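One chain is shown next in C-alpha cells, namely the form predicted alone.
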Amino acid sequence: MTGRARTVTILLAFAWLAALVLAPFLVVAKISLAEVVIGRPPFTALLEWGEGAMPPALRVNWGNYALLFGDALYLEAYLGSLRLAAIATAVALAIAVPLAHAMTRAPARWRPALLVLAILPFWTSSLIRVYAWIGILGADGPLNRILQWLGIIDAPLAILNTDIGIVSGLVYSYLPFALLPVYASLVRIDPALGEAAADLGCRPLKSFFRITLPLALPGILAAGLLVFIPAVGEFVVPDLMGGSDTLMIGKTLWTEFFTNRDWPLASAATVLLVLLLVSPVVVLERRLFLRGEGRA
C-alpha cells in the first residue's frame, strides 16, 4: 500500500469514527449539561438567544453530574454493573480459553464447522436467546428437572431474578465474543513450541500455562474487553432475568430516559459510564504499546 493510499484509509477510518462515535457522544454530552423541561425536546438549549442584537447566553447545568455523585442509587448501579460484568467476563473467559484451545487441537477439517457452531447463536435475535435461557433456568425448566431427576436437589433452584441468573444470561449472550478472539490468538501459535517443550520434559498443563497462555494473552485481553464493555451497559438481561431490586446502570438509563423523561440526567450518566469504560482501555492500550516498543 502506497503512502497516499495508507493516508486515505486512515482518514476514512477516523471520519467513520467521528461520524458514528464522536458526534453522537458530543450530542449526549451537550444534553447532559442542559436542564429538564416538559416539552419536545425535554431539555433546555445550551445557548439562549437574546432579543435584538443581544449575544446568546451560555446556560450550563452541572447539577446532573452533582446528582450522580451525590445520590447513592447511581453509585450502587455503577458498582453493581461493574461487579456483575466482571464476574460474567471471568466466567466467559474461563469457558472460552479451554474451549478455544480444544478447537485449535481439533483436526483442521473440523475447525470450520466448530467456528460455525461458535457463531451460530448470532443467527438468532438476542432477545429470543434470553427468553430461551429464561425457560431453561426456570423452576419448571430442563435444568431443574434434570438436577431433580439425578437426585442432586430436592426442590427447584431459584436461579432467575438473582445475580446468578444475570451472570448466566450475560455469559450465554457474550460467550462468542470471548471465544472468537481467543481462538484467533491461539490458532496463530506454532504447535512446534509445545512439541519442543514436551521434548524437554515439560508436561502439557505446565506447557499451556508457561508457553501457550502468555502468547495468547493479547487475544484474551481483547476478549475480556469485548465481553466486559457491553455487559456493563446491558439492559435486556438484567431487565428480564434480574429481580425488581436489581441495580444495573443499563436499567437505570432506561428508566431515566423513557419513564422519568429526564434526558439530561440520563445523558450525564451515559457520559460518566463512557468515561469510566474508555479510560482503563486507553491506559491498557498505552501500556501494551509501550511494552511492544520496549519502553515499559
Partner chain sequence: MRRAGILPTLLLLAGFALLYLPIVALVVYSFNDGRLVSVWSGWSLRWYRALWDNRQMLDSAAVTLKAGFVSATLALVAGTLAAIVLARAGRFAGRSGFAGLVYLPLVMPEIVLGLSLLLLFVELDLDRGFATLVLGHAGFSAAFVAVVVHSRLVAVDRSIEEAAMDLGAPPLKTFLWITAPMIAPSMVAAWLLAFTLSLDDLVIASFVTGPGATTLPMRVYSQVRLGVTPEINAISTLFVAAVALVILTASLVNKGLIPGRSNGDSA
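Residue numbers count along the first chain shown, from 1. Each form is matched to the other, and the largest set of C-alpha atoms that superpose within 1.5 Å is called the rigid core. The model shown is predicted, which means the values in this text are computed figures rather than measured ones.
Below: the form predicted together with its partner chain, not depicted.
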item: Leu179 within 4.5 Å of its partner chain in the predicted bound form, heavy atoms; value: yes
item: Non-hydrogen atom contact Tyr65 with its partner chain in the predicted bound form at 4.5 angstroms; value: no
item: Contact test in the predicted bound form: Gly70 vs its partner chain, heavy atoms, 4.5 Å; value: no
item: Partner contact for Gly242 in the predicted bound form: its partner chain, 4.5 angstroms, heavy atom; value: no
item: Partner-contacting position among Ala158, Leu217, Ile152, Leu117 - heavy atom within 4.5 Å of its partner chain in the predicted bound form; value: Leu117
item: Heavy atom contacts to its partner chain in the predicted bound form at 4.5 Å, residues of 9-29 in sequence order; value: Thr9, Ile10, Leu12, Ala13, Phe14, Trp16, Leu17, Ala19, Leu20, Val21, Leu22, Ala23, Pro24, Phe25, Val27, Val28
item: Core superposition between this form and the one not shown, C-alpha change of Phe209 at least 2 Å; value: no
item: Exceeds or equals 2 Å, Cα of Leu275 between this form and the one not shown, core fit; value: no
